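Both blocks below hold the same protein chain, though in two forms, and each is given as structure tokens: structure 1 and structure 2.
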Structure 1
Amino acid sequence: MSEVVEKAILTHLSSGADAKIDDTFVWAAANKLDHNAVVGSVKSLLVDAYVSAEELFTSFYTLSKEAQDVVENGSQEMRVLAALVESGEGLSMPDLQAKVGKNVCKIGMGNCMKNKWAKKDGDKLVALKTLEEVADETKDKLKALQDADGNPEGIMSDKEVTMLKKRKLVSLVKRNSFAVTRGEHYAPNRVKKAADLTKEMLDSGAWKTTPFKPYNFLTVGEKVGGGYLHPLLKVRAEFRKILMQMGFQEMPTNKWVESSFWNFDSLFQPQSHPARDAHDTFFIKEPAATVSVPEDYYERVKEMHEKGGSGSIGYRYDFKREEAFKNLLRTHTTAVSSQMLYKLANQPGGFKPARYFSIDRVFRNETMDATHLCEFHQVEGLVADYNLSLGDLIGTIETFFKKIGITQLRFKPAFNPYTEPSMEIFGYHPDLKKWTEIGNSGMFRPEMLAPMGLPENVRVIAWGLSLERPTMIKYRIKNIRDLFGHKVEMARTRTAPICRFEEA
């Protein structure tokens, strides 16, 4: 469409050296073209100086639908007067409405009485004038305005125009158009200038004759922005730094798919536990089962589940291989911790005390709310050493959380299949004004450690928390979906304040 309109403008201007378009609105109507399209083409041609244009500002009045009816059938007051004159003795309000219509009656009666063309006589309205004694000025003014293309100059006073506007018979329209003449680089046909030098131009040699748009080498280019760290990654980097300062080394957690054996069985979690249900865990359809696990370790885990050991009687059920070999999206990074402890117990030279941590993604089939997602990041730390106690665990947790700026902590006894004793960790959220669960902790049970081959007096203390909740507390975020997931505002990575942690 734009090319057709552009061609029509250039063709019109090519009819003579003095050819011009006095008003694009009038010209567009005469050539049955959309005026907006004409204006767009004129502005485009102005860029390359094919045309010169002067903007025109025009205002005029248009008649409403009611005014069109007045021009055709007379004003409401004249129609009411005609009905009263025709009746001779006047009409009651219901009879007048029936004769001329409710809306005409309402407007016309008021104007008749205002002009003293009629008066009330009891319950009737009677005429005071004949049709020959009055003129339908409203109709005449509207007809004259229509014939003058909406220009009231010389036809009626400003007061009369205001009266018509008050009756909502006319409205003012403002229109912008252009007067168009030939420009400095006018040509009957437009050749668009190229914006870029292309490989095809270089290959064919077309660049020698192709007109190019002028380049402004002094123009300041678009500001180049660097990458921004998401608040989660900022806090993750701080957590890693703090944990490494505390003497922990990072575990390899780049494998999201684990077997049920490492995720559940090696942690002494029974195969009938509700957490192993599809309502809580995402199981993998293909491949559905893992290839292998260490067979000697598998047999010791199986025996611990079925018969017990290390002072335990076990769970007393038939341990199923097919259940242990099921693949799933790991529900916690403790699946990696169990593998690291197994390697620690069976490394050359025997067991040596160690501190491990991990920060990576885990998956739970949970209902999403302000503090829960089905996919989140877990921070986990563990210490394996001789004769550790619950006091060592509490001290380590308090040291860690103090370093990340959460000083208000509470511990609540809890149950975990693989830790005893176990504690839930609560932190106070200053904006939500409530204590929020931010982690879990405990000492790994002997039933979990003994099959791995760890010495009898070795204890393992561990704790885990999500990365999201401490970040929410630190950045004053009330809904986890504003931090992680598809509803996150991308600008937050640029506008989020710097996360600071006080040193101990």
Structure 2
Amino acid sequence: MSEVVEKAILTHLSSGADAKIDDTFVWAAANKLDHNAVVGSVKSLLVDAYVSAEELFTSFYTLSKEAQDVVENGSQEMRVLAALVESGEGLSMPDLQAKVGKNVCKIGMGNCMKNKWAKKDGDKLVALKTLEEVADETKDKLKALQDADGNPEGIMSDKEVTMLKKRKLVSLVKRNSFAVTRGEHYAPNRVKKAADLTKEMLDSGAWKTTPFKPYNFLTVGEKVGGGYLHPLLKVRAEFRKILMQMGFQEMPTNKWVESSFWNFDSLFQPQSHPARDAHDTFFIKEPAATVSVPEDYYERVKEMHEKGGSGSIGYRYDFKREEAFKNLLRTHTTAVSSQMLYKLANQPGGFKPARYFSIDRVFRNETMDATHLCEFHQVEGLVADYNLSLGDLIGTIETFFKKIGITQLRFKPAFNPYTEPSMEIFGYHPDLKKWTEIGNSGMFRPEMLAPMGLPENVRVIAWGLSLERPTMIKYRIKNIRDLFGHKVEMARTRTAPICRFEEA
């Protein structure tokens, strides 16, 4: 179809160098062509400068069906007056409606009253004018507008146009069209430009003479679909990179169900500790108990809890096997750290210094609020080596947070069942412009390390934080439900920018 229209346009302009299409709308109508198709072809011919065109903006009024009826049969008010005049002594409303119709009666009577052409007299409507005394201005104005192709200029004032608009007799139409003349590269026939260089052209040599479409480097490429990393996983990837740069290797954290033995007992957390009841921990109904633990190690842990050792007096209570065997959803990835440290102590060739980290889900049966869900991702780092000190811990923590943009740190003494001394970590966040609690840390207690069989002068320093908090800060997310869970808008994940931590 467009070829036909193109041909028609180029042929029309072939009549002479100054040939012109004054208004594509009028020209299309005259040539029984669809104006949109003509506009499409003009725009396409413009690209290759076969034509040049000037856009025309025409606005005019069209008459509604009712208005055409007024032009043919007179305005509603005129018809009412005619009926009243014809009736002589006036008509009741029902009689008038019967004569001119419900709609004409309502509108006509209203305007008759306004024009003081008629009035109510009791239950009758009576004419105040004869047909000769009045002119049907509405009809005349509409007729004149129609004859002027909807251009009210010189026919009526804006007020009158507004009145006709209010009577829904006319409505404004805006039309875009073009005035078209020959373009720089005008030719009576369009030579199709090749979009691609083909093997055939190369074989035939036609590429030498074929006009090629210019490459449009501005065309927007197709949106490339594909997967998107959740913001949490982007920050995890950055943290992994940073911790591996610091010489740490990742611990295997793909098993979310642990025994109370590794999650609590091996960390010297007493079986009566409040965190160990169902209010804080998700215990597994089936399988409720773990299969086995290293028996010799189990005995040493039991011993340490009940009687102490290595300079500790222990907790002096009956250590219950079934309590230790209870399965649960791990409450911290420290449950994995304890198993890795146990392996480190019992590997062939004995203990060797090591640096481990973990970033994975942990579960706590907590009351949920804007920043807490009953699961979050814990980031944990530990260094096991000879004669490590609290200074080593502070230094390591400073190195880590410096790499994620936090340089000003404060350490506040704290308590964890499995570390002594312990410190809460506070950092001054440059974007938030305030001190924020950014983690926790400590030196694992000898009551935890000795039963594992680690050499007496081996110290293990460790620290932990969440993945959610830094991610919420990085991506300016106020409510954790906008970050994690079924309420997350996928769009937000698709549009989340790349995560890069600049080392401060």
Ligand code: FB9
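FYI, numbering is relative to structure 1, first residue = 1. It should be emphasised that the depicted structure is a prediction, and the values quoted were computed from it without experimental measurement.
In this comparison, the chain shown as structure 2 is the form predicted in complex with the named molecule.
Checked against the rigid-part motion between the two structures, the candidate from Glu222, Lys32, Pro348, Glu153 that sits at the hinge is Glu222. A rotation of 59° separates the smaller rigid part from the larger between the two structures once C-alpha atoms are superposed.
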